[in-house]
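This document starts with one chain, in the form predicted on its own, laid out as structure tokens.
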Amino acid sequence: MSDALSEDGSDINQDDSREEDVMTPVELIAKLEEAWLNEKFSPELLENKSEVVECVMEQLTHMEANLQRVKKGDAKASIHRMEIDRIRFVLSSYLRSRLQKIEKFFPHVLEKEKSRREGDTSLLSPEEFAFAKEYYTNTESYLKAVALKRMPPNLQTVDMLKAVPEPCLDSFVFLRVKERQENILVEPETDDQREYVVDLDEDSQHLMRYRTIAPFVSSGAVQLI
């Protein structure tokens, strides 16, 4: 018993309860897949999941190292290789989806990042932020070199926020409810309809306007599918 106590008599195992929960590899991949589907089906750029991405990349490194120790001809090797390729595909697709949205909505993405309050989660990772700024600068330089400098002086400037369309938050998305939500206000589709309130039961699936459920996507209460 003395081995389980520190010098001041306290239980050293209490330190373990204060440590953050560590995700298992299965839970980590599930987090990646959830972020991937949400990013793939949402019309706007979501908050970055750089911690998940970094952990998955480390996990892939360990899996590759373990694969090298498997004997040649072992059936497990091909199964492990397929799983590694599957995870790499999901990870690449997730990052590609984010880059495509940054390119499509770059002035709005940068404006949103600029206006976020201190302490709020960053929309972009440091690498994505650098990419977005460079993309903005290159696009602006290209427009000036190709078109704007040939325009009359009063037309040689362009407001990127007005020139580039914003994400359409009124588009419809499929979703699965992970946590029950009550009294969700649904806006009318036409002038003849009225607002109404619905409850979203756990594990139920719906087709709804993204704007209505966007906060629940961010909180993890619903999953886009």
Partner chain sequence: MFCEKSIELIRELHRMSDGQLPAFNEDGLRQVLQEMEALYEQNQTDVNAAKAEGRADLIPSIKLRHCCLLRNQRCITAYLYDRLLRIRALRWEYGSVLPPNVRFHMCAEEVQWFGNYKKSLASFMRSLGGGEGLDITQDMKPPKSLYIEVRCLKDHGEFEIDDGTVILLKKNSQHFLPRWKCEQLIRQGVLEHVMS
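Numbering follows the first chain given and starts at 1. All values reported here derive from a predicted model rather than from experimental measurement.
What comes next is about the form predicted together with the partner chain, which is not displayed.
Out of 168, 57, 65, 185, which one falls within 4.5 Å of the partner chain in the predicted complex, going by heavy atoms?
Checking each option against the partner chain in the predicted complex, the one that comes within 4.5 Å is 57.
The partner chain contact in the predicted complex: residue 88, any heavy atom under 4.5 Å:
Because a heavy atom of residue 88 falls inside 4.5 Å of the partner chain in the predicted complex, the answer is yes.
Is there a non-hydrogen atom of residue 112 within 4.5 angstroms of a non-hydrogen atom of the partner chain in the predicted complex?
Residue-level check for residue 112: no, no contact with the partner chain.
If you check in the predicted complex, is residue 153 within 4.5 Å of the partner chain, heavy atoms only?
Answer yes; at least one heavy atom of residue 153 falls within 4.5 Å of the partner chain in the predicted complex.
Taking heavy atoms and a 4.5 Å cut-off, does residue 139 contact the partner chain in the predicted complex?
Yes, residue 139 lies within 4.5 Å of the partner chain in the predicted complex.
So which bits of 204-224 sit within 4.5 Å of the partner chain in the predicted complex, heavy atoms only?
Read in sequence order, no residue approaches the partner chain (within 4.5 Å, in the predicted complex).
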